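Starting off, we have a lone chain in the form predicted alone, written out as structure tokens.
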Amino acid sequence: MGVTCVSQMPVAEGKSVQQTVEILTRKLELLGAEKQGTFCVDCETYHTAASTMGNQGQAGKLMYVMHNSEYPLSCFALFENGPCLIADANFDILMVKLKGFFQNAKANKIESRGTRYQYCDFLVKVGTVTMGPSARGISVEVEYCPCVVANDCWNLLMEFMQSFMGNHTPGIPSVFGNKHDSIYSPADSMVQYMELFNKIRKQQQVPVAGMR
């Protein structure tokens, strides 16, 4: 596990999500990147059950239960602005038993699925983000495998991302700011995916709010 940056790639003007993914992967292949299988990151949202909230009108907490195909035996549970719990895959069964406390917002399930590419010391994953049957956006995950301290390799990561993302190269992830010189962990990648998924959810809500 190296240091990873997760970001959103905007859909190219006049193109579909799938066409933009193809443009991006073609650029990677022209650089010399080789396909290395597929990947999937998914996220289910749980909210605190009404029966557990003492005050009427009190805002419920959200918890995100996530899986990453890179870590098939693990399950990640994240609270907004809170800790990330790493548990084994049986955590999903526990959540069913806790339905009196946390309720699954099934309509909010979101996932990113796509192809993994290896280029020298970099692992790149370009995914189509979907909610239900429809594609909602594009995720790009870039990992620099030999390094585990974010501050030591951010400039190198950014330079590589510029080679195929151009003007859409992201800024430094907020999770890096909390790491300083500490070791990067899989939980840091899941926090970035949670932030990306929430950003895409909000983007989809904007046009709906304006409908009559």
Partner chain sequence: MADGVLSPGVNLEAFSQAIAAIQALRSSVTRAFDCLKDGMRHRETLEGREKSFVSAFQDSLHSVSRDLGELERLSNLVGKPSENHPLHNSGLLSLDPVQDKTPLYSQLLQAYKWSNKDCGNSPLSTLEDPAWADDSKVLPSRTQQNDHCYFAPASNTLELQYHAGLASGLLNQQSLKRSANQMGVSAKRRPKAQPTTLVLPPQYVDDVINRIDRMFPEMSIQLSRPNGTSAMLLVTLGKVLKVIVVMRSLFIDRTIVKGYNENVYTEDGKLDIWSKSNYQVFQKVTDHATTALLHYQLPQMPDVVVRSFMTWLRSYIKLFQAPCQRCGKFLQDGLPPTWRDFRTLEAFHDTCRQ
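In this text the structure is predicted, and so the values were computed from the model without any measurement. Numbering follows the first chain given and starts at 1.
Just so it is clear, the following notes concern the form predicted in complex with its partner chain, a form of the same protein that is not shown.
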item: Residue (of I172, L30, A49, I183) lying close to its partner chain in the predicted complex, criterion heavy atoms within 4.5 Å; value: I183
item: Contacting member of C147, A187, M165, M63, with respect to its partner chain in the predicted complex [4.5 Å, heavy atom]; value: C147
item: Any non-hydrogen atom of S69 within 4.5 angstroms of its partner chain in the predicted complex; value: no
item: Partner contact for F122 in the predicted complex: its partner chain, 4.5 angstroms, heavy atom; value: yes
item: Proximity of N155 to its partner chain in the predicted complex, heavy atoms at 4.5 Å; value: yes
item: Stretch from 113-121, 71-79, 84-92, 97-105 whose residues place a heavy atom within 4.5 Å of its partner chain in the predicted complex; value: 113-121
item: Residues within stretch 1-29 having a non-hydrogen atom within 4.5 Å of its partner chain in the predicted complex; value: M1
